[in-house]
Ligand SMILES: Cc1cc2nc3c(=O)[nH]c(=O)nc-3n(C[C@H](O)[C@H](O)[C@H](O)COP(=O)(O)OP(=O)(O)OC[C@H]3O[C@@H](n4cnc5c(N)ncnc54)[C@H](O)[C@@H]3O)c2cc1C
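So this first bit is one chain, no partners, the form predicted alone, shown in structure tokens.
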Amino acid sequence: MHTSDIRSSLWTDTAIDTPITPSLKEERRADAIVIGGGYTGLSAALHLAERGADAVLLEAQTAGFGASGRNNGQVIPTYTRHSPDDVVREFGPEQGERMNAWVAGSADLVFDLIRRHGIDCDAAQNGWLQPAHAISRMAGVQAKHDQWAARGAPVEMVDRDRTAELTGSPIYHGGWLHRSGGHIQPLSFARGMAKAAIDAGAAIHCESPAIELRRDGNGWLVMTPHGSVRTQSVLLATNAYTDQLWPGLSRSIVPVRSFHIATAPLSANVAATILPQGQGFSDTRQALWAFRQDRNRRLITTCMPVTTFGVRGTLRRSTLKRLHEAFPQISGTEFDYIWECKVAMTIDRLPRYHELAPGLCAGLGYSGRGIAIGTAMGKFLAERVSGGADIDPPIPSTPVQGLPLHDLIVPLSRILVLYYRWRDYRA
């Protein structure tokens, strides 16, 4: 089975059942239309319905089909690259601190939704750890910790011995822990949000791609192959799977293929020595090393190969080498699952909110932080179109900016992996 097939994913085999989401086969009206059935769209539909709006969600495939159902599952309430002070410098004290507070609360939002709606998704809010793979990276780790701590986030610095205790790996020099982070079964979370949205009154139509979006008097008309919806408000939540529905939007992000590998279940003795307190972690490498365990003692890691030619064999070899370096207690293991998804990256690694036209907005570009920030974006979009247009947004609206030479950026981004590895080695 090909790695791009959703059936190759561990999460497909272990997820809760998907709710019934029939395709759209009628003409109807709605207060708001959400296009995209990932975390942002599902969160938007759920929060719209809870606010009393008649919401319709249209998804081309199934709920959680894209990266929302195929990611590593770590819930991380921080930026990919920026520190809070960076955001304040970029957007100013008032807007920057609103955005910092929004990101800081994004993981709590995810776990609150899980608890409130009883979503069965193996949720574990035990914290997220970022260990330093080189001594030279400890200054950056300390700065991120200090800046989040100054804003009241539940963070702590951990020294080398404590990092070894928390990770089960002897290779790290220290790190910082964000206690509101954690991990989930990502596809189950998406399906659980879909059920919660339906129970709240939203209509979710899968296998119903939006093929046309156009003005309809003072509102909007969205066409699907077998139906249509008229509305005053449209929320675009297609992220890395954005197409040409709105001109230029797809060229504002870089869809990057992210690969994930799950081992066979580790022995109980070995599993007990790896992340023994239930955290997941992403270290300070630019060519990311990320690890977590699932409920069946499988170790799951994320990587971005330079080339996808012969990727299964390449990833098996490189991942085994990585595991043996990070966790010497693993003498050998088999790999049961290898799968991939598309992640929407932005040039500066900050998410984007766009007010595209009256009654039309979009949120995308989470750059590997989609579970937490994507879910928070959906809630914000719902509030924005259902009576909150006058509130101060937590994230500024920016014009859509197409990336120069966009068609060349995707293959070049793979070559950058070599540069990132060199930078990591130099560190």
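Numbers follow the displayed sequence, beginning with 1. Nothing here was measured: the structure is a model prediction, and the numbers come from that model.
Keep in mind that the form predicted together with this ligand is not shown, yet the notes after this line are about it.
With the partner omitted here, the stretch from 354-362, 47-55, 395-403, 370-378 that lies within 4.5 Å of this ligand by heavy atoms in the predicted bound form is 370-378. Among I204, A210, L235, M99, the residue placing a heavy atom within 4.5 Å of this ligand in the predicted bound form is A210. Site annotation in the predicted bound form: the residue of K144, R191, H260, H178 reaching within 4.5 Å of this ligand with a heavy atom is H260. Remark: Y241 counts among the residues lining this ligand in the predicted bound form, judged by a heavy atom distance of 4.5 Å or less. Taking the partner from the other structure, this ligand in the predicted bound form has no heavy atom within 4.5 Å of any heavy atom of P84. Although the partner is absent here, A67 lies within 4.5 Å of this ligand in the predicted bound form, judged by heavy atoms. In the predicted bound form, this ligand sits within 4.5 Å of a heavy atom of N71.
Residues I35, G36, G37, G38, Y39, T40, G41 of 12-50 are found to place at least one heavy atom within 4.5 Å of this ligand in the predicted bound form.
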